[in-house]
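Presented below, as structure tokens, is a lone chain in the form predicted on its own.
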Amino acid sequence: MSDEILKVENLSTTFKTSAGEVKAVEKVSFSVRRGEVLGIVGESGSGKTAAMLSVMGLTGENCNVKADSMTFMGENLTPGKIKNLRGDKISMIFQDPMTSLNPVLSAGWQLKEILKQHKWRGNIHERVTEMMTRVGIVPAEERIRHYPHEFSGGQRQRLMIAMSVLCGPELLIADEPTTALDVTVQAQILGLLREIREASGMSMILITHDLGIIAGEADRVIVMYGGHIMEEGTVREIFKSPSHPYTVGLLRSVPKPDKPRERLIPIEGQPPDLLNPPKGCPFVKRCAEAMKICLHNKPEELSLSDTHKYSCWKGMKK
């Protein structure tokens, strides 16, 4: 039996807008293994969140999602199936907790509603107070009656974590879970997620633009750009042997604790316009190693090992 809990093959996501069709994700394939943390990294607009919202069935009416296959625990993820699994076996922590929480409903009401929706067998009040205590919101019996505006940013993020793990999911998708939090609170949130994951054995997809978080939390990494996967590998492979020019560029722009005086090298230029994406490699206009073939032809995937692969004409020409 395969240890893959989620498997997605050739996922494409487009959004219809007044300006035209935005090709947010194009033929992306990935999988998540049981108990694994898969990190997805890339600049804003690279397709990280759009891909996960597509899997969750939360993309909206103006969106068209296509995939050769999407399976969860061996079963096809049809729209009806994902609706039943969402919030129960697959949960998601959204990027901004303040816009994800209803401002006119108490924290307790919103947490209890999740358990009622999924027909929780047990004492709902006890489960909610237990989970609020576990994520560090105390005294839970008092805070359960409070509204979202009465919590700090870090506490709202803790509420979102409590909501996402209430039903004991098999897979948790964390979309920028530490955005807008200071360093101390960020470390607390990451530690809390790690503690919950290790105690339950759940898998996690961690979406972030912060390579430092990826290095400390993920087992395997996907690097996305312009709606495509540029490179995929273990954390060690990505950080020690980056192969795609975009991955190399990302790592060059990150400060190194052991080399505080080293000059950072930013990636020049802007991400591609996904209303009119490049015919070839999406990174071609910002790549110092681009060739003529990169302009008109998308490179195929190259395997460097069983776990490490990337898409670049540079590698094919060697």
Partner chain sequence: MLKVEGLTKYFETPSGRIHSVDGVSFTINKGETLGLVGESGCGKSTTARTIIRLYEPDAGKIIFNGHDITHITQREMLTFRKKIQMIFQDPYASLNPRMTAGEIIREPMTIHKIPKDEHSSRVNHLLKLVGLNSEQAGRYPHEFSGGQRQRIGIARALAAEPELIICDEPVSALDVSIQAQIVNMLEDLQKSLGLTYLFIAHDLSMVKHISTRIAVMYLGSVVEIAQSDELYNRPLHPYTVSLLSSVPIPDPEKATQKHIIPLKGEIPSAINPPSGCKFHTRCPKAKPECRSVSPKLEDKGNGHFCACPFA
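What you see is a predicted model; the values in this text were computed from it and never measured. Residue numbers count along the first chain shown, from 1.
Missing here is the form predicted in complex with the partner chain; even so, the following discussion is about that form.
Residue 239 belongs to the set of residues with a heavy atom inside 4.5 Å of the partner chain in the predicted complex. Among heavy atoms of residue 182, some come within 4.5 Å of the partner chain in the predicted complex. The partner chain in the predicted complex is not approached by residue 138, whose heavy atoms all lie more than 4.5 angstroms from it. A residue is said to contact a partner when one of its heavy atoms sits within 4.5 Å of a partner heavy atom; residue 266 meets this definition for the partner chain in the predicted complex. Taking a 4.5 Å heavy atom cutoff to the partner chain in the predicted complex, the contact residue among 124, 98, 73, 235 is 235. For the residues 29, 253, 64, 69, the 4.5 Å heavy atom test against the partner chain in the predicted complex is passed only by 253. Just one listed stretch, out of 165-173, 183-191, 87-95, 107-115, contacts the partner chain in the predicted complex at the 4.5 Å heavy atom level, and that stretch is 183-191. For the three marked residues, 34, 78 and 134, no heavy atom of any sits within 4.5 Å of the partner chain in the predicted complex. Shown here without the partner chain, the chain has 268, 269, 270, 271, 286 in 268-290 lying with a heavy atom within 4.5 Å of that partner in the predicted complex.
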